[in-house]
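Only one chain is shown below, in structure tokens, and it's the form predicted on its own.
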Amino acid sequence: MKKITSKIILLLIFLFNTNSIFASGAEGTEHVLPNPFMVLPFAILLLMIATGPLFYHHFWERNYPKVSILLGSITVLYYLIWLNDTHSLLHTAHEYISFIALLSSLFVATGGILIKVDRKATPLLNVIILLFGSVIANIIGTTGASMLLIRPFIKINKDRIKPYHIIFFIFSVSNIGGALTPIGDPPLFLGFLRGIDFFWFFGHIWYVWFPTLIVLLVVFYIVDSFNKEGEKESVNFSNKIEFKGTKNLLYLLIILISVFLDPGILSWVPNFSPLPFGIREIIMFSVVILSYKTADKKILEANEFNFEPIREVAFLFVGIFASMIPALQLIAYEAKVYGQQLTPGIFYWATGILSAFLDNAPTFLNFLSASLGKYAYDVNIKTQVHEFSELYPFYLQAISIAAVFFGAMTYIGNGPNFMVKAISERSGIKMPSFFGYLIKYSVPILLPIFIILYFIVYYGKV
């Protein structure tokens, strides 16, 4: 374990000791390596996201869009003026637009769906909801499942709601649940685009996913069993489940179909390059407008729907996506340098740790590229990626599981996390701060599970 820890540390501290000039990115394009100190805007933004709501709430509430854009602009100007690298900026712009198009379309489409469950809130009912959400996350994505279920989940538990309810919802529905299909989480979709079979993830991940999820839900059931609030109230429940806004299911279907409208999957789909968007994003933004304009206003009112949660995500993540470019490029370079020394276990921890604080999709792609390079495969050649997935499944499995699972470690680990937090806070739930989430919940609950998973699945594997 000490040897593995030392290698992970070696991989993660490269930011301050690399002297290399050129690095090949995940797209196979050479880039001049950025100065390691250009990681500072990203670090400062993460620090302010963590401390702002806690120590200077009013300033942060008013100015977080300006702060995010300012810090992101520093990186953008550095790449434009000093590195003369427009390719990296266009690539990141495309990733961001795809990211926000998917999140906003799912957010608005599910906002027009009302689910009412008139049953008494119990630990068992909550477990069933979390399990159901985790399963459907593989069909409509972690974002779709989160936006569809978070409001009814809060309303069912209105008399006994606590922050831990939301935290476990984020753990299961918003992250770990979506590990079985490329639709479930963006990192897996990137793998699918690169040549991994659609059902590869289910076949190689379900036997890790299922026990991990069951352990997590058992822990939740035990914690929730101690919550006795609301039990004394004598309320008659009809035990009915009401579902309104069925027309929005069509919008969800359109979003899911549009996910596959990519030139990398279907050759007849037009490529708008160098524009940082395509048919997929145009369709998704159209769904945002149409689903909102045609939504039942009573349903929107019942869901207390407003655009503030997606606005917060859009502003914060534009800064995150821009300012993390140097960190991702440096990580990609060092991962390739140390590729021959990295085992599945080290890939698991390195991908996981970085996925908790960086966007897990490009982190997945960088470590996928490094693992392929270890065996002289090219991430840009689909047949080689497919062959690698069949011959060396442990590497791909470790990277995939870590990218999805560890996204639950922080609020910024995955897009739905922040949206669920914002919706919960606007429902009157006092959510923990960035550090509170990390220290009180993800480290004591998730980290031991992930450590056990490592020893069972990856320890000793080469």
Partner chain sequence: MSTLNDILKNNLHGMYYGNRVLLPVRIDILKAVIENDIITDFSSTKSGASYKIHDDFTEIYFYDYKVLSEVVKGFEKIKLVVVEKGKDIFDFTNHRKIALQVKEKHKITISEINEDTLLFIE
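For clarity, every value in this text was computed on a predicted model and none was experimentally measured. Positions refer to the first chain, counted from 1.
We do not show the form predicted together with the partner chain, though everything after this point is about it.
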Option from 433-441, 409-417, 59-67, 32-40 whose residues, in the predicted bound form, bring a heavy atom within 4.5 Å of the partner chain: 59-67
Spell it out for me: taking the partner chain in the predicted bound form, does every residue among 204, 391 and 460 have a heavy atom no farther than 4.5 Å from it? no
4.5 Å heavy atom contact, residue 305 to the partner chain in the predicted bound form: yes
For residue 297, is any heavy atom within 4.5 Å of the partner chain in the predicted bound form, or not? yes
Could you tell me if residue 151 has a non-hydrogen atom within 4.5 Å of the partner chain in the predicted bound form? yes
Heavy atoms within 4.5 Å of the partner chain in the predicted bound form: does residue 427 have any? yes
Pick from 89, 161, 288, 127: which residue has any heavy atom within 4.5 angstroms of the partner chain in the predicted bound form? 161
Proximity to the partner chain in the predicted bound form, single hit among 375, 132, 210, 292 (heavy atom within 4.5 Å): 292
Stretch 119-149: residues contacting the partner chain in the predicted bound form, 4.5 Å heavy atom cut-off: none
